[in-house]
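Form predicted on its own, single chain, as structure tokens, below.
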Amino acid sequence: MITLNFDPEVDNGKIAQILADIREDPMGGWVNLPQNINIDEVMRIKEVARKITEEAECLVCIGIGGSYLGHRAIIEALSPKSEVDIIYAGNSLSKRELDRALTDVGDRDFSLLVISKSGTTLEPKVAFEAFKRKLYEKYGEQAASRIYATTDANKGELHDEAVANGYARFVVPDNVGGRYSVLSAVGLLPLAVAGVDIDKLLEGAAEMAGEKGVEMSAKYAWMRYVLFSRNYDTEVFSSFEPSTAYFNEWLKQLFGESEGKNRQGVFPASLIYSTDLHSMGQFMQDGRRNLWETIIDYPTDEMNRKVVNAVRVAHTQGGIPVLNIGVPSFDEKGFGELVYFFEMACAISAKLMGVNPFDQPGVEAYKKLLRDDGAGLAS
């Protein structure tokens, strides 16, 4: 199980009330996902993953934000063995990136997985239309059998299109927000296609969902709250494995989107060592002391371990509070633990700051401007 190098004195009564609030929240469905996962759904996910593996050389995974960051983070980190390449699209409005993804598919056999609760978010919508055209040009009437949609259970533009055309469908749970959805079908289907053992992933998450795991999440959340109250306003997530860069990106979304409201929140940043020691190392050692560092300490080789220890000591001596989160194993179980640990810690942390961990009203600002500008973006 995950280990911590800190043991703060926590207000257990306050934490107990926060946990009760999280579990009762209409968007708290992620809390019990690892323990109460629908076995039939997991079996169907595995069956569909096998079908995709048999029919396609690559799977184009279309989504943005919580619809792709979490599962991409795990796939990038573990580099699992699979005969299917995962190609990501719909996470920007760059025509260059879309053209690059189309070129990456080329003439290969491919299938589409589009992940969007409403189906109206502009970035994935644009990519879906482009890849759908390519799919129908290649396969004609058989194209629809290669499209998979993870979307709302019974409403929305993508849901309606999927029903009308017979796309295989999976559900984005109504009570689970995107950034907390890694352990639902949103993350499990692409993970299974990529060759990730989703049973072990869920096993690790279920372990962290137990009393001891939640207690550790609460300790980390409490430390963040204490540091924030002492005017530390930036958290730097650092790790020493380059393949975990996307996991850091998921963390930035998780904490930034959950806490950044009402002029509250810690600004999340991330670094990959030892590479970034030769660019940002000077600032970390001698720059402004408004930040703390959270080291995600993965199992590593002897040389890298020396760097981990040296950085921890040097930055502590330089006046940075350093929190160390020890990861027991660099595999599916370890990442299952990490995902749940951070989800619970983030929810508790936001509640301690007095903000709602599960909404993101500020995200709508740019969408409204695009709508007003006639870009055709639906809400």
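Throughout, we count residues from 1 along the sequence that is shown. As the structure is a computational prediction, the values presented were derived from the model and not from experiment.
A second form of this protein, the form predicted together with a small molecule, is not displayed here; the remarks below concern that form.
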| property | result |
| --- | --- |
| Answer range among 109 to 117, 136 to 144, 276 to 284, 305 to 313 for contact with the small molecule, defined in the model of the complex as heavy atoms within 4.5 Å | 109 to 117 |
| Partner proximity in the model of the complex: residue 92 to the small molecule, non-hydrogen atom cutoff 4.5 Å | no |
| 4.5 Å heavy atom contact, residue 363 to the small molecule in the model of the complex | yes |
| Any non-hydrogen atom of residue 49 within 4.5 angstroms of the small molecule in the model of the complex | no |
| Contact label in the model of the complex: residue 178 to the small molecule, heavy atom within 4.5 Å | yes |
| Site check 72, 195 and 244: each within 4.5 Å of the small molecule in the model of the complex by heavy atom | no |
